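What follows is one chain in structure tokens, specifically the form predicted on its own.
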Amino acid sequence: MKKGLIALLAVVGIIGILVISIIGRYNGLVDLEENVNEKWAQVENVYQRRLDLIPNLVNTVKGYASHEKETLEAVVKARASASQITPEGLGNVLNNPQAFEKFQAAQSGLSSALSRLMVVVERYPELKANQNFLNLQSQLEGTENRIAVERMRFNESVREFNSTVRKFPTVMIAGLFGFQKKNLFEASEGAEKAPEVKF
């Protein structure tokens, strides 16, 4: 009877240790995933800031460079494309590689259109002297820097989450509870090539 009780207590003890270990790893994954979600919210926040600045920037430029209609329309179109991705669609973007790629492509298109707009602005000295434009340009440059910083922080949190999810024995717990590998921001296609400068 004593040996049976000792064996039963040993089995219960081992099961208890396993349960506590699984709970600890599960809670660790939840914390890491919440960190990824927090960093993603910051990425969305700075992209939204950029979207909010663009109409004012376009209107200011339009007053000085109205015949640059094609460039202004490209910026407006790129902004519309980037803002068409609804919050509902963004909800699953972290777990959906195609949605993530679409989001990143829309944001890259907007960045490209804004770069072309800034090149056009160089032809208008009176616009470059406009205080409202200078303020908007400064805010936009600051926002672009924030985007880079937040994307870096997001990638760091995703790397930590992904590496934890893939390690043994956590990989079994992650699979059991549906934790999925997250997507990283990557450089735009062609970013590895130096831009060609012509004088």
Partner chain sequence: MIHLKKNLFQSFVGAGSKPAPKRLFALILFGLFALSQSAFALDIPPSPKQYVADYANVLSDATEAQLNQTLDRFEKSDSTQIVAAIFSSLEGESLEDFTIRLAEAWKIGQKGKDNGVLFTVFIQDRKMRIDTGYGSEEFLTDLRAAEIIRNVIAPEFQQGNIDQGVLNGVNAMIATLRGEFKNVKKSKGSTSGKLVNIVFFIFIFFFVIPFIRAMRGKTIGVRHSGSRRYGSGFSSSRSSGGFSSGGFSGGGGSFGGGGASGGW
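Residue numbers count along the first chain shown, from 1. What you see is a predicted model, and the numbers here were worked out from it, not measured in a lab.
The next section is about a form of this same protein that is not shown, the form predicted together with its partner chain.
- Although the partner is absent here, residue 135 is a contact residue: one of its heavy atoms lies within 4.5 angstroms of its partner chain in the predicted bound form.
- Using a 4.5 angstroms threshold between heavy atoms, residue 146 counts as touching its partner chain in the predicted bound form.
- Its partner chain is not drawn, but in the predicted bound form it has a heavy atom within 4.5 Å of residue 142.
- With a 4.5 Å cutoff on heavy atoms, residue 42 counts as touching its partner chain in the predicted bound form.
- The candidate stretches are 147-155, 167-175, 23-31, 55-63, and the one lying within 4.5 Å of its partner chain in the predicted bound form by heavy atoms is 147-155.
- In this stretch, 114-133, the one residue having a heavy atom within 4.5 Å of its partner chain in the predicted bound form is 131; the partner itself is omitted from this view.
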